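Next up: just one chain, as structure tokens, the form predicted alone.
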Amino acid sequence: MKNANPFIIVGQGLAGTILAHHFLEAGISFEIWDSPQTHFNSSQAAGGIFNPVTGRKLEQTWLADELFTYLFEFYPRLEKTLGSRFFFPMPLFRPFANEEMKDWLIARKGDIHHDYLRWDSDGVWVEKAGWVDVATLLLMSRAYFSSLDLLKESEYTGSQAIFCEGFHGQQNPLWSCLPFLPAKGELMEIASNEPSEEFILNKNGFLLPLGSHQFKVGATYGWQEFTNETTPEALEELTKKLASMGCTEFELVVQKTGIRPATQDRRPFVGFHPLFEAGIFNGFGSKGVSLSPYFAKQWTDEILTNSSVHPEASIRRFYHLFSV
């Protein structure tokens, strides 16, 4: 799919937006087609947290060194381009779940410890964490692309494009054979004077300070239905999560929902279709803030040079699923 015509990027969610910025930096001609009326944008409800530590064993997330080195370069650069702030490095604290887990982790500290952890008597502090205000990033990017006449607010019905459609991608016949595993997530934004505004609390969920005693609380996971409607069950679950993090007095500001474009092997889909002039940049799940910049850069480099996208992210790993 390398030709003289501009690439068409379908979807101006987080993935499409990040890819478009990389194309623009690299001088690759493109235009974005986006249709919120037919494809609701789950990125607007994203938690936006970046965190190099994953799981109960406090392991480094996949490609942590590469991902986090690059995102700390990319987002400040993009802030300057857009003239807006949306990148917020911030300490993240993970308290020990209980005394048993504390003893288990401390006994294995020698094997567990890595550069992203700072141990405390009550838990661990995670370095290089923080959050991205995804809604602001998308809003400012939309205005920026519009000012350059690169955005078309219309549904794209062709097949020669790079599709950044989030969970809607599994309904696209070009990609229906791919192992998507979307997960609905709900979160709430609250006002409260109880939690600390100095760090992100990560305890069976997250409590993220937004400033001015406003917080984001998340998140739920659901695999049964994929509407953009919030549910009372999720609100109850989120309220219980909040209570477990020591906050019982709060005012609900808004409840939001989105569908994470996750995959069965927890790796993104990046690359060109083996049979048609189409590409995909999708499947970043709940880690889109940290994954999408790095792989947008890798794919941009692949298009322009002889380099290759990481094999665990490249769509080539699923070429055997496509047939004529």
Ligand SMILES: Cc1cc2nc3c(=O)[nH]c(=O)nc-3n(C[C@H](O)[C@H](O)[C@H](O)COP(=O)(O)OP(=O)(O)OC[C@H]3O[C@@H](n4cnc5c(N)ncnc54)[C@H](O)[C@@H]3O)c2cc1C
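Note that residue numbering begins at 1 and tracks the sequence as displayed. Not measured: the values here are computed from a predicted model.
What follows is about the form predicted together with the named molecule, which we do not show.
Interface residue remark: K241 is not counted as part of the site for the named molecule in the predicted complex, having no heavy atom within 4.5 Å.
Proximity of L207 to the named molecule in the predicted complex: non-hydrogen atoms within 4.5 Å are absent; the residue sits far from the partner. Residue contact with the named molecule in the predicted complex: S212 places no heavy atom within 4.5 Å of it. The named molecule is not shown here, but in the predicted complex it comes within 4.5 Å of a heavy atom of H168.
Interface residue among T69, Q255, S35, T54 relative to the named molecule in the predicted complex, by the heavy atom within 4.5 Å criterion: S35. When you look in the predicted complex, the only residue of E189, E79, E127, E155 with a non-hydrogen atom within 4.5 Å of the named molecule is E155. Within 4.5 Å of the named molecule in the predicted complex, a heavy atom is found for every one of G11, A46 and V289.
Segments offered: 98-106, 111-119, 247-255, 156-164. Contacting the named molecule in the predicted complex at heavy atom distances within 4.5 Å is 156-164. Contacts between stretch 226-263 and the named molecule, counted in the predicted complex as any heavy atom lying within 4.5 Å, involve G258, I259, R260, P261, listed in sequence order.
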